[in-house]
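Taking the form predicted on its own, here's one chain by itself in structure tokens.
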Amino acid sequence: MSSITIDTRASRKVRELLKFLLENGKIDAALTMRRIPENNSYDLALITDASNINEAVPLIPVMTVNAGQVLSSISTSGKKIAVVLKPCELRAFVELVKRERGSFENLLTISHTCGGVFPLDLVEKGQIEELIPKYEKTISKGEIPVNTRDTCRACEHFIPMNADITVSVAGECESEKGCMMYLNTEKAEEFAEGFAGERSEQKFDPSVLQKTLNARLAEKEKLFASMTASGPGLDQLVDTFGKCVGCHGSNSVCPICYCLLCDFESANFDYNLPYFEEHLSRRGALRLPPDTIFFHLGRLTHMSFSCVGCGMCSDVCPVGIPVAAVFKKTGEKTAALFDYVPGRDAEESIPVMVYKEEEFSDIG
């Protein structure tokens, strides 16, 4: 495999690659973030006309939706698509592929060493443009930018695991050195053939980001410690999820909540008079909406071992519940029991789908 030297404006170079692929008929479409200049906002766009690629901002630190979730619905269309994904989005898509909710067959995956993304409220306030220069300078030094999502600052999986092309922008993309675009697979070599750039046989060296990893691990330790300040158990669950308003926004934006029919959205959980009367007869009072804590516990049970820590759930919560941090901490503990990292390998089975007689023999 090889690499291509690019300048420090890595996002522009990725945009040029997408345009090259479209103009030469190597892909039918590109899935990437796009800037909407009319209102200075951003969205995730599927672009088929090369003339529209100029609107693309592939490496912008904004996540309006987890692209892995969106990709699952279009990856089996038969079209050849180049997709630009953040590492957590790519890992989310890997988890969905394992659940037969997507396919890599017609995709060229492009990802990058990630400095994290800004919360959506900063996007809504139009503050992203003024934050970008400092953000880029900070991640080029391998440091953690301020104002990014707390789960991003605490994320240790910021290096793409399965990308055909890795764009290095964190740690080694300094002004005097430039950046690197690593072609990790034969598919990447084939698609990039003819694309301008100085090539070499250099391979990505994750050790250049050890400083960043250490800083992220320290942030994770602080984040997890802050969540246990009120003590473990039911009281903490009530303190954390008791203010839930039952909007179910967290599972709507979660890429791992993939079920076509969710029990929590079914008639089983509809509010009805017999339900109210039965509970009122026993308790004399009933919180409305009911079962909010049960909703979160149910989600934890279903997908905690596959949470990729993208942070979308916390970002859309209208009452500020740290859903992502809770799921990240719980998920890591669950996955550790099986030596499992969500999205690490598309061929690696999901723990809940594998039975091993010797598992947990130490606890009877």
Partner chain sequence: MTDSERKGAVLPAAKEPGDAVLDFLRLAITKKLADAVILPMKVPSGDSYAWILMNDISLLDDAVPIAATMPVQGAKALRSLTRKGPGNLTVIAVMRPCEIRAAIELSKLGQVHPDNLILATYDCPGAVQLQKYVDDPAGSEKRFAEMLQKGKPDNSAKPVCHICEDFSLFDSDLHFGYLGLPDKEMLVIAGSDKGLELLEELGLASAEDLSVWEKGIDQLKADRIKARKSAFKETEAQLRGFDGLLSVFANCIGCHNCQSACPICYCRLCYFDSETAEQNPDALITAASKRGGISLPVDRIMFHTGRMVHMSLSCVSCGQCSDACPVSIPVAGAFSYVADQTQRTFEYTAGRNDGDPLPLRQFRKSELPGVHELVKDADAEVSSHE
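Residue numbers count along the first chain shown, from 1. Remember, it's a predicted structure, so these values are computed and weren't measured experimentally.
One more form of this protein exists, namely the form predicted together with its partner chain; it is left out here, but the text below deals with it.
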Does its partner chain come within 4.5 Å of any heavy atom of Leu46 in the predicted bound form?
yes
With heavy atoms only and a cut-off of 4.5 Å, decide whether Cys307 touches its partner chain in the predicted bound form.
no
Just checking whether Leu31 would be counted as a contact of its partner chain in the predicted bound form - the rule being heavy atoms within 4.5 angstroms.
yes
Whether Ala196 contacts its partner chain in the predicted bound form should be assessed with a 4.5 Å heavy atom distance threshold; does it?
no
Consider the chain as shown here, without its partner, and state which of Leu217, Leu131, Met161, Val245 has a heavy atom within 4.5 Å of its partner chain in the predicted bound form.
Val245
Between Leu120, Leu223, Ala188, Val97, only one gets a heavy atom within 4.5 angstroms of its partner chain in the predicted bound form; which residue is that?
Leu120
Is it true that Thr138, Glu156 and Leu183, all three, sit within 4.5 Å of its partner chain in the predicted bound form, judged by heavy atoms?
no
Contact segment among 83-91, 209-217, 70-78, 110-118, judged by heavy atoms lying within 4.5 Å of its partner chain in the predicted bound form:
70-78
